[in-house]
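First, one chain by itself in structure tokens, the form predicted on its own.
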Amino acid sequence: MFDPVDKLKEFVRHPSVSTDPKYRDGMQGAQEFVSGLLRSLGFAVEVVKTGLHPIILAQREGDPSWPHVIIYGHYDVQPPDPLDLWKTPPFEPTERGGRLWGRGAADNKGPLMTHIAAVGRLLERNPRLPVRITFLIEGEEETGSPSFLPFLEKYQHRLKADFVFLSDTGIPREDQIVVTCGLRGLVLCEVEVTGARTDLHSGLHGGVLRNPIQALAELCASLHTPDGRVNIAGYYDDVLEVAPWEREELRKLGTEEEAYREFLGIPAFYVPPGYTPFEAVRFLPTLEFNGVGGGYQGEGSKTVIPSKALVKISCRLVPDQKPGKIRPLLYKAIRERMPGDVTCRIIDQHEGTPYIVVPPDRSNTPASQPPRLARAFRAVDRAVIDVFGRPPLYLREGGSVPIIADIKRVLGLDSVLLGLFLPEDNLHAPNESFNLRVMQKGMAVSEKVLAALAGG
């Protein structure tokens, strides 16, 4: 059996940034590394070509009566920029303080390696394990998974399973596992505002036209009320009411608001009335400005009125909001509030549907929940208690994994999302790392879950 930490280091060394063509060789190297590792465990591996980066479909077949688990992950990572903020080079993995530092260590190479290593250890002990396992590993998650939905639709006949098992969500601290039972959806766009046909001297022409930056700032300011709610008619119409068991699970988390505020480094929270910060990031939709540009950005001053200004907007949606309804509402508000003395262009970007699953033994669990899915949740309960010493919490998460809702819609499968990364792991930021103690315990949990399913 291979050493999981050594293999993770090898995995991280491949600079697999899916958004930047200059990392094409790193993407190919990461794909070939994972494909080879799964072949070494006895999986039949097919590398499915897409319009951008391939999807790895690796299957361990068996008796059709055996349980069938799909394990999902992704081999692409975020760009490492800004490079000058890294303490060690992002693609030269460094083990220090019980952590492995490097881009992708926590998102998603470490958690994916956790499951691969667990399967490897299990099959080494029991080569005839009565469980069918399919690894489904994509290379476009960080670009919105544009090839994943067409892949699901084409290959759904080979993906008839009981549930999906993955770790691409977080936990609040090292000793408290969270099984994520809800994810927010997404609507992304850019808004480009144009004034004059070219940049203008602000002394010669200032005062006779509206500055596109001013128009954009006024628009952005209009999209929230002073108390922090999204100021778009109909935006909250379909927000699912929070169930009592969800609030109870959140209370068990026991996290202190003051500690959270200090972790964020902010002087005060800005939360809609009636919600705690921890409720707001799980149960409420948002509208955020992810980037603003326009005018001179260099050192010193350059007194121009810019021709153009741009804002990047992301809306995080909660059950039962639909991207197909929210996007038109957003665009209508933008167009109605844009001054008539500038022009506006809205650029569509990707979207994702919110997802929620109710774990078993909750008062409002659907009676039709598949028995093997309920068995999987209960197996996770027992395994987490055995390994971590306390039961998992079942919580919604503020992040988005849009493919989970696609899997539910196309394959009819729910997902068991075992959180493994921590707030201090710095996902998408410089100095990303993965806690190796969590990795070792996560392997034990994954093993126990699969073994329990095999035991019937």
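Predicted model only: the values in this text are computed from it and were never measured. Residue numbers run from 1 along the displayed sequence.
Heads up, the form predicted together with a small molecule isn't pictured, but that's what we're talking about next.
Interface membership of L159, defined by any non-hydrogen atom within 4.5 Å of the small molecule in the predicted bound form, is ruled out.
The small molecule is not drawn, but in the predicted bound form it has no heavy atom within 4.5 Å of R99. When contacts are judged by a 4.5 Å heavy atom cut-off, G399 counts as touching the small molecule in the predicted bound form. In the predicted bound form, the small molecule sits within 4.5 Å of a heavy atom belonging to H428. At a distance of at most 4.5 angstroms from the small molecule in the predicted bound form, all three residues D168, L186 and F421 contribute at least one non-hydrogen atom.
This chain is displayed without the small molecule, yet in the predicted bound form the stretch 137 to 145 from 117 to 125, 231 to 239, 137 to 145, 295 to 303 comes within 4.5 Å of it by heavy atoms.
Proximity to the small molecule in the predicted bound form, taken as a non-hydrogen atom within 4.5 angstroms, holds for one residue of H224, R282, R316, R375, which is R316. Taking K252, R362, H350, R337 one by one, only a single residue has any non-hydrogen atom within 4.5 Å of the small molecule in the predicted bound form, and it is H350.
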